[in-house]
Structures are given as C-alpha cells and as structure tokens.
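Just one chain is shown here, as structure tokens, and it is the form predicted on its own.
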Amino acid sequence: MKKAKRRALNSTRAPMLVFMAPFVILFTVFTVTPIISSVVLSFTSYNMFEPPEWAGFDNYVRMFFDDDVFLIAIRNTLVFALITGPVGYALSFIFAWLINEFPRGVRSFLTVIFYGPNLAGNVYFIWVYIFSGDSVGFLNSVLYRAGLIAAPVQWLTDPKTAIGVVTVVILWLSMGAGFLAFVAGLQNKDHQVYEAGAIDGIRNRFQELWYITLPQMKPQLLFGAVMTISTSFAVGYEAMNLTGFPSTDYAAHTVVLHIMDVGSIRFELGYASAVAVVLFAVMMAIWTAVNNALREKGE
C-alpha cells in the first residue's frame, strides 16, 4: 500500500511542479528578489548613477539618530496604524456581521455600499472640497452658518488638524478586501454548530459570536488582519493627495512618503532601502503578534 501511494505521488509530482512553476517564478522575481535586494542595498550608499558602496550600518544610525523627519514619519505612521488599523478591522467585521442576516439582495446592495469607497479610486477632491480651508468649503460653511467658528479653519494645512483629517479619510476607505472576506466567511458557516451551541446553552447573538462564529472564521480573520496591517502601514498617497507633499511641518508625513522623498526625489536609494526594511520589519512583527493572538483564540 505504501509503495502504491509513493508511486501515485511520484506520478503527480511532475505535473504539480509544472503548474506551480509560473507562480513560483513570478513570486521569486517580483517579491523575493526585491526584498533581498532592499536588504542588501540598505547597507550601501547608492544613488542609482554610481555603483553601490558598502556603508555598513550607517544608514540605520542616520535613520534613528540624525533624521528628525524620519522620526516624525514613524510617529505619524504608528498613529495611523494604531487608530485606523484596529478601528477599521473592527468596523469591517461589525458591518459584515450586522448585514449577514439580511436577505441576499439587501445584503449584496449593502456590501456594495460599504465597499464603494474602495471602488471609487482617487476621489480625494471630494474630501478636499469638504475640508477646504476657505469660507466656501463645505465643513467651514456649515460651521460658520451655525455660529461655531468666526474664521475659516485650515483643515488640511494646519498641523493640528491635518492628521485628524487623514485619519477620517483612511477610516472611510477601510472597508476593503478584509470586509469582503468577512462577508464571505459569515455566509459559509456551519449552521449545525449553532444548533449544537443552542443545546449546550448558547442563548444570544453575542455568545454565538464569541464562542462559535469567531473560531470558525480564523482564516478570514487572519486574511483581514494581513490586509488591514499592510493598508494601515502603507498610508502615504492618501495623505499626499489631501495635505500636499510634504505637508505643513511634516504633520501628515508617513514612512511611505519618506521613502518616496529620499528614494525618488533625492535618489538616496541605499537610505530609502533601509527605511523600507525597517517598515517591513515592524509590519512583520505586528502581523506575527496578531497571528499568534488569533491562533490562541482559534484553539
């Protein structure tokens, strides 16, 4: 029996490798190779016009001890991640859970409504109009007519308000692929488990959610966590379109924008690679912590 299984496995191994080859090649070329290249270049001084020169840990020392703008960027990025990440993740699941019991047509309509901001593309001009700093801007005009302000508020250029505006927009955009995964996961639950739970003493929806629904949705929860973490740490273009590049006093400057600044504008690609490596390491550390937490919940 073992020899028959071994022969069957050997006979299917070659076709499997053939079918896997395109993905493995593309993944290696466009994912693994850039990551390895970034790690190597992070230890060099490289401006794209001359050959890289070995610099050791100089880029990392400069990053944490001689680059005040990077410290501002990492602070802003962590603020965005700590606010928009958990809140966006929770909102995605809550809305998916709330619309799950609606009829199929209503549920599909609400799914499109919640996912709509991701389909809208770069519609930042809407938010620029809402938070416009002149008296005809939507929010300023409403507040002025209500007697709440005496002069227009510079929402997008004032360092005190810029990061808050960007946070609001990011939350508006938070219903992404994770939300769709939650909707799909809730529709594929094993309903027999709920019947068994009712017999064992489950009495309300919240107990069902905690003891039955969440353990069944571990794959979707992990996928949503990965998407949320990557999105929250990749905030950059949203802030640039809203507050300019760079923003006033770097109030909404993020690590992604800093990589763009030092890499695409100053052509300090070695230093930009070091910043990217640090961002990647932080994302992986947080994802590992979330993965372990969800694994414990699943068990």
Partner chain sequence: MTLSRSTGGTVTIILFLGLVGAFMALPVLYTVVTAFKPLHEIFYWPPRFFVREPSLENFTMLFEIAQEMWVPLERYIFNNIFVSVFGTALYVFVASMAAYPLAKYKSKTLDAVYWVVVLAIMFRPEVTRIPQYVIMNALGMVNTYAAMIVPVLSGSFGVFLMRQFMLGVPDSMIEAARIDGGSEYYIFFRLIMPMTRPAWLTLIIFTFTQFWNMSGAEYIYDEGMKSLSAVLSQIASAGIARAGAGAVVALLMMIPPYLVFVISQSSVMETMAHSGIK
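Residue numbers count along the first chain shown, from 1. Rigid core here is just the name for the largest C-alpha set that superposes within 1.5 Å across the two forms. What you are looking at is a predicted structure, and each value in this text was computed from that prediction instead of being measured.
A second form of this protein, the form predicted together with the partner chain, is not displayed here; the remarks below concern that form.
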| item | value |
| --- | --- |
| The partner chain contact at Val256 in the predicted complex, heavy atom, 4.5 Å | yes |
| In the predicted complex, Ala146 touching the partner chain (heavy atom, 4.5 Å) | no |
| 4.5 angstroms heavy atom contact with the partner chain in the predicted complex for Pro246 | no |
| 4.5 Å heavy atom contact, Glu208 to the partner chain in the predicted complex | yes |
| Stretch in contact in the predicted complex with the partner chain, which is absent here, among 80-88, 67-75, 155-163, 220-228 (heavy atoms within 4.5 Å) | 220-228 |
| Partner contacts in the predicted complex for 231-248 (non-hydrogen atom within 4.5 angstroms of the partner chain) | Thr231, Ala234, Tyr237 |
| Core-aligned C-alpha movement of Ala281 between this form and the one not shown, 2 Å or more | no |
| Leu26: Cα shift of 2 Å or greater between this form and the one not shown (core-aligned) | yes |
